[in-house]
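Just one chain is shown here, as structure tokens, and it is the form predicted alone.
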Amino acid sequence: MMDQANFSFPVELKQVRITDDFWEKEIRLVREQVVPYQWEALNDRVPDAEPSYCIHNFKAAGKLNEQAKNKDFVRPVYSVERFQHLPEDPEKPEETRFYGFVFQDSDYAKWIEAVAYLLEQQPDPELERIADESIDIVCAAQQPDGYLDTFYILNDLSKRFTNLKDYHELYCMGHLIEGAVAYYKATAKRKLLDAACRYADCVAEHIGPEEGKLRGYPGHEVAEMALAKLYELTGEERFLRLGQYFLDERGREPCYFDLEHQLKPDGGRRNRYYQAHKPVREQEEAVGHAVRAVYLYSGMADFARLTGDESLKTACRRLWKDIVERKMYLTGGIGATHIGEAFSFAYDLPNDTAYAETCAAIGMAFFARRMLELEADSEYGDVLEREIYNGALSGMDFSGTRFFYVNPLEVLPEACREDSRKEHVQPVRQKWFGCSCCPPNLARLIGSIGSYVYTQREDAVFVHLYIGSRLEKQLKTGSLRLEMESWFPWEGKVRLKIECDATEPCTVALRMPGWCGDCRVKGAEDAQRRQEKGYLYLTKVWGSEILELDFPMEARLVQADSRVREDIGKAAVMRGPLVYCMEQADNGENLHLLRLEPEAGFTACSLEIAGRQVLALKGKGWRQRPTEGQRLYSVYTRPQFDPVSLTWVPYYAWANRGEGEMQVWSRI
């Protein structure tokens, strides 16, 4: 067991008020556009969008429950062998049939979680009314023993818990728990929370280490994180035990998934996809489905903090380093291959076929925040910052109604249409997806961004993200109020106003961003100062104090490790926490013919994109003269170049001006 005194703990969203110009706009967009739009999508009311069937399924299950009250009613039984169910006539789905993917319930759970975060920060009676009505619909689908998964309720209840590997019951339970916990914290209403607790208890009745129970665990992880939240809210040890069991049992031989499907063991190769090839504490490499992986690692970090388990913390560090040092894109994207939405081998990071699912970037933000709770190390804060400004935020357009599932680092629209190897890449964002996990996931991340800015100990506040906000924290002998004004991500100026009436010393720890080589902090000159793992610790008896922070944001060129073959001879542009890219809208077509001039420097300028002002970068470069008119292959001649002015825009802002080419990495 490790020393838990070194841990920091989550800051409750209700302690934080976001005042940041950049993120307040994003939260307002989620409140005014994203959440209402997604409610329409979940109800299949968005014209020309892929249908969801999510709310249809809950209503259908509730209707079936009503019919079952008739003693003469015979519950229909349908096949559960199809992973996705679609109606013959999309306009007229049958009233009591299940449609969509087996995990469709989870889209609602993430939506209600996003709603909860919005309500916790600002009352909205109309939104709360819609949410309450939706909760009534969901709870009406629950079975008498607490079971709540519409795929099996509507198809064949006798088959429940027979395919934990692929059919996502425990995944849907996990998201339902997270949404229920958030909604209770926001409104103090217990209906959804009680339903989630009953579902968890139902699972524990059937799955666990006791004799007669299935020794299974989730095929798609998230229940581990969720049960940690449920335990912290309720204090009920049974939820902690269930989550601990899922972690301890995963990967043990004989593998449950092999037993479940009557498969011969293959040395763990098959189950790498599910992170079930080894016990979690023995895993050394991030493998398999990227979202599942980082959800698992986030749950491991939660339980390391809650139980003081050093072996879990050590495993988390090892897996973190494998991702960050060998398998992560510059944007923070993870999961390089569309085959299984998975991690590829080390340093295999192709740009034009990158998968880099929006959910995976969000999951990496979850993992980073939890690692920060285990130990304050700026490496975790740097990645958290990279994810929220780049890998995750690129998943939504400026209207809040179009979304990316896949986030490539290079796009040629023609290739997306004509090359089946790139058909998973879209050159423009979509209205919705049949598998639409990413849009509501992004809504809940943005809605809860205030809970990522700080962590806390009894006598300390850690500032991980420089997002304008107000924080109130109780100390032993008083209270600490911290007000942060930030010009991020455009400028590196931060102003911290601290008001404290406590009589004992307190520490304010500030992350020194890894992208900034000259961090300057003015104020609190009488504080005891020390630097450790990229954090500046200021300890004193605080009164009224103002800290002025300056993190100069100079545009800089970044190169990849030479083992990343796709990026040899190329460079990318970053400024502060933002990754930049070139778009056809600014630089013309055939971006592959452009070369940037590394010695020329960059000039920052304001540019309007889809009604928003962003900071663009101007630089000098060269355009290679095309060889059109020659044969497909000819004798080599030195290429000729013409000077050009080049423009870069923030990566998260690309594809807001119609279809066109894009690239992050450019020749030098």
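So that there is no doubt, residue numbering starts at 1 and follows the sequence shown. In this text, all values refer to a predicted model and were calculated from it rather than measured experimentally.
What comes next is about the form predicted in complex with a further copy of the same chain, which does not appear here.
Proximity to a further copy of the same chain in the model of the complex, defined as a heavy atom within 4.5 Å, holds among 324, 127, 139, 164 only for 324. This chain is displayed alone, yet in the model of the complex one of 245, 535, 103, 347 has a heavy atom within 4.5 Å of a further copy of the same chain; that residue is 347.
Segments offered: 483 to 491, 218 to 226, 89 to 97, 349 to 357. Contacting a further copy of the same chain in the model of the complex at heavy atom distances within 4.5 Å is 349 to 357. Contact annotation for residue 476: none of its heavy atoms lies within 4.5 Å of a further copy of the same chain in the model of the complex. At a distance threshold of 4.5 angstroms between non-hydrogen atoms, residue 562 is in contact with a further copy of the same chain in the model of the complex. None of the heavy atoms of residue 80 is located within 4.5 Å of a further copy of the same chain in the model of the complex. Contact annotation: residue 599 falls within 4.5 Å of a further copy of the same chain in the model of the complex, judged by heavy atom distances. Contacts of stretch 650 to 668 with a further copy of the same chain in the model of the complex, defined by any heavy atom lying within 4.5 Å, are made by 661, 665, 667, 668, listed in sequence order.
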